[in-house]
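Read the single chain below, which is given as structure tokens and is the form predicted on its own.
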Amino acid sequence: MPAIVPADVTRGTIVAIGGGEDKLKEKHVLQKIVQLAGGPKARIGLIPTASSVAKDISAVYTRVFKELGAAETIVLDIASRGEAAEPRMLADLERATLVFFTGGDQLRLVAMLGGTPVVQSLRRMNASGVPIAGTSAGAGAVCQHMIARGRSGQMVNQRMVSLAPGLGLTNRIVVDQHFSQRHRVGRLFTAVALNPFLVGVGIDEDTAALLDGTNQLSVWGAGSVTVIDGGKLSYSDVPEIQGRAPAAALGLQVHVLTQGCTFDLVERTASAPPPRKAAPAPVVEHGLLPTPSNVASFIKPH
């Protein structure tokens, strides 16, 4: 379960990235991570435990975060449950101004870290205001309810998804990553139908869903975030329908958010971006607009 937030403190933002974030060009999503971590004062605790090539992936993120101006990347290469209880590991973790989980295998990550002092410390840090981020498998694992396995497609049925306990930093959402790219809408529908308390959050690649301390969900990046709300689910036969037969789920609400849109997890309402300001009107002198034939008259000497 998430740790209790101390009085007069706002819980740190939880950032779930759909995977495949740009690491070579504009790097918009990872720029946001560095900004949340403190910009030039950022000390990013990097946990590559989900990855089978932890050293390689750590080197990539360390380079990118340095290019983006972070002061330090603290690599916490936890390769056993014993290491997740070592005082040196905890001391390094607690220096971080943001903690970042890489992609890989979410079951590997949770099996290695679940219930350890590192995760207990992470929950306390987040409750005290420290942001926690994860990409791909790392995004799914930050939730209390985690999608462990699943199939592609649009159908709702029992075999579309398997759920498992995650790291428990939030119990309000269930996250699916690489969402549009891997056609995962059916398994997220099924996950929400099985537990309508949850809000399903399907995140495209190179896109982040940011859950702030007031339970407002916002979007950052190139793609979209699909929100599936089971709060008004009126009927579902998912528990009864066996095998691969399709199941019913009536009353689910679906919202597709892009950057600028928000979703209130308390009120369960989606909001559009604020209206864009109109471009300023062109300056008119002598009652004329500049044209190729009269543009010289609008050029004033310095």
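Start at 1 with the first residue shown and count on from there. None of the values given here were measured: they were computed from a predicted structure.
The protein also exists as the form predicted together with a further copy of the same chain; that form is not presented, and the subsequent description refers to it.
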Q: With a further copy of the same chain left out of view, choose which of 120, 171, 180, 128 has a non-hydrogen atom within 4.5 angstroms of it in the model of the complex.
A: 180
Q.
Which residue, 43, 268, 255, 28, is the contact with a further copy of the same chain in the model of the complex, using a 4.5 Å heavy atom cutoff?
A. 255
Q. Taking 35, 76 and 92 together, does each of them reach a further copy of the same chain in the model of the complex with some heavy atom inside 4.5 Å?
A. no
Q.
I need the one stretch from 67-75, 101-109, 220-228, 131-139 whose residues put non-hydrogen atoms within 4.5 angstroms of a further copy of the same chain in the model of the complex.
A. 220-228
Q: Consider residue 161 of the chain shown here, and say whether it contacts a further copy of the same chain in the model of the complex, taking contact as heavy atoms within 4.5 Å.
A: no
Q | Exercise: residue 211 in contact with a further copy of the same chain in the model of the complex, heavy atom 4.5 Å | A | no
Q.
Does any part of residue 240 reach within 4.5 Å of a further copy of the same chain in the model of the complex? Heavy atoms only, please.
A. yes
Q. In the model of the complex, does residue 154 have a heavy atom within 4.5 Å of a further copy of the same chain?
A. yes
Q: Would you mind checking 235-253 for residues with a heavy atom within 4.5 Å of a further copy of the same chain in the model of the complex?
A: 235, 237, 240, 246, 247, 248, 249, 250, 251, 252, 253
